[in-house]
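Subsequent text provides structure tokens for two forms of one protein chain, presented individually as structure 1 and structure 2.
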Structure 1
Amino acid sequence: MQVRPNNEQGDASPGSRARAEALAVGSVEALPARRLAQQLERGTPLRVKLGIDPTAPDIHFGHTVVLGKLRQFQDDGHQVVLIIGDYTARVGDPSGRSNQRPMLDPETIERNANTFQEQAFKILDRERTEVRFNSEWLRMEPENLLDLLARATVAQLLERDDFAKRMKAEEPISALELLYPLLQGYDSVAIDADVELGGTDQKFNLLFGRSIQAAYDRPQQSVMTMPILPGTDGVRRMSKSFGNYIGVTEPPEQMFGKVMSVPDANLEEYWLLLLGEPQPEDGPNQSKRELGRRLVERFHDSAAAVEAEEHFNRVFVRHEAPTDVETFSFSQDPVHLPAALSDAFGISRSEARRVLGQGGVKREGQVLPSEQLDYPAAELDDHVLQLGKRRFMRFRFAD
């Protein structure tokens, strides 16, 4: 592991150092120190790696922090290698929990990988992106896999802080999880990575990749960690499984609305991580609105941004129905309201009754009484029913 095929010592020119510094803006760490400047000294484009397991199809704002940094590398003339972890996803990455995730079938992975790529290109430059699937090299002969396993020690793997904690807490660590860094590290060997990016939570894996590269007598990559974006709850990291994410393909109104629901305390972070600018000094409401507009603009367009804000004002400030309410057709007469609400909004009938009992159902802005459960069709036909604050549906009688 002491092999140093390329000289890690040596000085970089001031120019390279300046460029390395510029590339590191906004990152948490760039390791080892000065390594990136040295790599830049070569004068040839670097191969910058990002690995993603396509367990969910959607890219959310959390991903865009790292993707934005990749884009910066591209704009500087470097080559991005996007690795889709189709192999690792198929095996079923157990990361974190004791309950193993259901294995994903190949079709789902394929589909996720495709939509994921498409969405990634909303940020990345397609021309300077090489997309690779890691099954290409990880689906290897057992002898080769064993050879890979022989190149790392258990002690190295257990160094990981996270594992130590979980051992102590008597939480399970699957063997696969333990080996995961090896597989990820091998990705770096396979694609000759010069730089690997990831969130701060990836620090161990990224650095482990360096060890693996060295074990294969390859030049070692440098690593750069990016801050983790908190979710809309302001507490946990943004993640699909926590339901606190904003997806890059969400419709403008929804995107804007979710941005508005981010706690004030996280605004500064959102500005820096998503726009790369400090939050303006014009009050939380204003700067949050601007953040929302700019993000909608980025992922849709400026007209959509204006409309999204108008929608927000209409529905949540003035408490009016949105302009484009979906239509729900019903054919019963009289209508049993709990049943209709259940069908229209996808909730259970019991829940519909409860909400109704709490004054949470309105017809054209008027609260419907909880006692009345049945209505003549004519009294609902062509009326907008509202469930809670944000769910609307236009009822239409169709026989």
Structure 2
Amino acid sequence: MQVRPNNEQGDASPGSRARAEALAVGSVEALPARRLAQQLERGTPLRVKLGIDPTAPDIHFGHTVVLGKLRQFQDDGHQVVLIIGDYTARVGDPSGRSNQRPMLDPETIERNANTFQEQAFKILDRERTEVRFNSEWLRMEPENLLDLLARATVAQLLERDDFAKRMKAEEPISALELLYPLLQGYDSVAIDADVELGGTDQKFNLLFGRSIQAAYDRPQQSVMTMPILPGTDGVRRMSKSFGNYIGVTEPPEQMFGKVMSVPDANLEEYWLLLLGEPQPEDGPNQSKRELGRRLVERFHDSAAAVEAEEHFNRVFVRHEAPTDVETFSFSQDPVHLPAALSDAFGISRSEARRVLGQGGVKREGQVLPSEQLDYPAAELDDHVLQLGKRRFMRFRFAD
């Protein structure tokens, strides 16, 4: 690979400094200070790296924060390099973890990687995105791996905060986890990265990439950390495993409804991180509605945004059933309701009885009594049953 001259030192013109400041808007840190402006002074497109381990298939709004920043770099004329960590996914990134991540099988990794790529192009310009799989260079010969291991110390690796916490708590750290920052850092060497982006939880890995580049006598990248979007619970980071996420491919009405569930205290953060704008001063309800419309329009279209808001009004404001309710056919008479709810909504019978006991099942908007568990078929035929706040099903008797 060609080694470009190091420009770690030196000043930058006012124009380059202004471009660097514009690119850094919305980030938490751009490190080292002034490095990005110095790189822009070269006058050639930068190679901007984002590494993604395909541990889950779907992109949610939390991912779009850093993907949106990548798109900004593309619009400024730079080359984005999206690294699919098909190899590092087998190791598992320990960032922010109190234990070792489970290893994934190759089939799951490949399936997740394909889905993730396609969803990422809802935000990134496909023509200005270079997609690489890090198994291209990380399936290295043993002597090359030993050479990589020799370029870092255990003391450097143990500086990371999550490792220090686990050592203090006398919790195990596998040798495999210690290897992860080295592998991610080598990604930057392999693709000649000028800039690397990531969430604030990735700061150690991003800066460690600079150390690995220096160990190989390569120009060191600048790094940019982005804020982490809280989930719809307003407490933990958005994550599919926490169930507090909004996926970019979710149906419009579901996307809009989840936005409306975001706590008022997190609205300003959502506006800034997802739209890059301050929250309007017209009250939380209207701010959520506008945010929901804008996001549905972004990932679907304007017509879908209008229909999603009307769906929300119909179901949650006027307490009416949706217009496009699925049909569940049943043939029992009488009907044992917990069993029918289990079959219709895909829940257990015990869960169905629990929801019934809490008054969470309605027929045409009226709460069904918890003490009655059996109904004549005629009393359910062609009626819409509602389970909880969001789930509806039209029951139809098939005699």
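The first residue in the sequence of structure 1 is number 1, and each one after it adds one. These numbers come from a predicted model, not from an experiment. Between two forms, the rigid core is defined as the largest C-alpha subset superposing within 1.5 Å.
**Request:** Of these two copies of the chain, point out the form predicted in complex with the RNA.
**Result:** It is structure 1; that copy is the form predicted in complex with the RNA.
**Message:** So that I can tell if residue 24 moves, could you say whether its C-alpha shifts by at least 2 Å between structure 1 and structure 2 after the core superposition?
**Reply:** It does not reach a 2 Å shift.
**Request:** Could you tell me whether the Cα atom of residue 34 shifts by at least 2 Å between structure 1 and structure 2 after core superposition?
**Result:** The answer is no, as the C-alpha of residue 34 shifts between structure 1 and structure 2 by less than 2 Å after core alignment.
**Message:** Please determine whether the C-alpha atom of residue 370 is displaced by 2 Å or more between structure 1 and structure 2 following superposition on the rigid core.
**Reply:** Where the cores coincide, residue 370 still shows a C-alpha shift between structure 1 and structure 2 that is 2 Å or more.
**Request:** After lining up the core, report the Cα displacement of residue 357 between structure 1 and structure 2 in Å, one decimal place.
**Result:** Residue shift at the C-alpha: 3.1 Å.
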